[in-house]
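The data below hold one chain only, encoded as C-alpha cells and taken in the form predicted alone.
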C-alpha cells in the first residue's frame, strides 16, 4: 500500500489579510488574523516532516487547474470575477464578504484545485493506493456561482469532474467530515446520479439552514445526496456510529470506483469554529472504517482533500494521525496532555445523537 501526499509552499502564501477572526479591522476590532490563516496547514505539513512520516509518502506535484477544469464546476462569471479581483493590489473576496484573498489569489486557488486533481489522478491511475492533498484555500463551500466559507473554488468537485472527463462512467462517493455542511460539493452534484455526496456536520452551524436530511438531490440526482446533521457536542462515539449506520451502508449500496473525502479537522474538541468533540484518535478510527469499506468496494481507492480546521496546535495531530492510518506507518504524535479527551463523557454515543443518526438513515432509505 502506498500513500500519496500533496503540499506546495504557495498554499501557505494564500493571504487572508489582517481580519480579527471574521471581522475586518476597525476602531472596535483590533487587527489580528483571519480564522483561515496558514498556521494549521503549515504546522500540519511541518509535523509530517518532523515525525518522519514524509519519507514514507509519495510526493505528488500540484499543477494549477486550467480554466477548463474550473469551468466544469463553476460558472464563467464566478471564474471571471475571481480573476479580476485577484489582479487588484489588495485582492478580493470569494463571495460572501468574509472570505478574503490577496493579490494573485486566483493563482493559488487554481493550484489548490490542481493539487486535488493530481491527488485523485494518482489514485485512479494506480500510482498510489490512497492520497492526501493538503491544499489551501479549502473548497467544499464553493458553489458553482460563488465562493463562500473561506473557499474560492470547489477543489474536490473540480478533481472529480476532471476525472470524469477522462472516464465518464466513473462513480464517486464523497464523505465530508468537516464540521460544516459540504454545501458546495452537494450543489455541484445535486442533479448528478454518478456522484453520491455524504456530509456529516454539526447541525445548522454553517451555512445556516443548510444540510438538512430532507436535502436529497433533484432530478436524476434525487436520492444521491445524504446529510447527517449531528447535535452539537458529538464526539467519537457519535461520529463512528454515523459511519457504521449511514456512511458504510450507503457506500456499499452505491458501489463507487473511488471515495473522495473533503477532510476538515474542525469537528475536533479544540476547534474555535465548531462545537464538536472528535479527537485525533477518532479521526484515525474513522479513517480505518473508510479504508476497510474502500478495500471491499473499490480496491482501497481513497483521496482526501483538506478543508477546515482552525486549531493550529491540534490540527497537525489529527492530520498526521489520519496519514499514519492511511499509509500504515505507525506514528505516535499525541502528547499525554491530549489523551484524556478520549475518555471524556462526550465521547460516548448519546440517545439524542443516536436518534439524529437514525433519522438520517431513514431519510436516506438505507
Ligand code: 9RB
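Treat the numbers as computed from the prediction; the structure is a model and nothing was measured. Positions refer to the first chain, counted from 1.
Unshown form predicted in complex with the ligand; subsequent notes refer to it.
**Q** Can you tell me whether residue 316 touches the ligand? I mean in the predicted complex, with a 4.5 angstroms heavy atom cut-off.
**A** No, residue 316 stays farther than 4.5 Å from the ligand in the predicted complex.
**Q** Whether residue 289 contacts the ligand in the predicted complex should be assessed with a 4.5 Å heavy atom distance threshold; does it?
**A** Although the ligand is absent here, residue 289 would stay clear of it in the predicted complex, with no heavy atoms inside 4.5 Å.
**Q** Even though the ligand is not shown here, does residue 71 get within 4.5 Å of it in the predicted complex, heavy atoms only?
**A** Result no; residue 71 lies far from the ligand in the predicted complex.
**Q** Do residue 239 and the ligand come within 4.5 Å of each other in the predicted complex, heavy atoms counted?
**A** No.
**Q** Looking at 78, 143, 180, 162, which has any heavy atom no more than 4.5 Å from the ligand in the predicted complex?
**A** Of 78, 143, 180, 162, the residue with a heavy atom within 4.5 Å of the ligand in the predicted complex is 180.
**Q** Of 218, 107, 96, 295, which residue is found within 4.5 angstroms of the ligand in the predicted complex when only non-hydrogen atoms are counted?
**A** If I apply the 4.5 Å criterion carefully, the residue I get is 96.
**Q** Taking the partner as it appears in the predicted complex, which of 195 to 203, 225 to 233, 134 to 142, 276 to 284 has residues with heavy atoms within 4.5 Å of the ligand?
**A** Of the options, only 134 to 142 has residues within 4.5 Å of the partner.
**Q** What residues, if any, in 19 to 36 have a non-hydrogen atom within 4.5 angstroms of the ligand in the predicted complex?
**A** If the 4.5 Å heavy-atom criterion is applied to the ligand in the predicted complex, 19 to 36 yields only 22.
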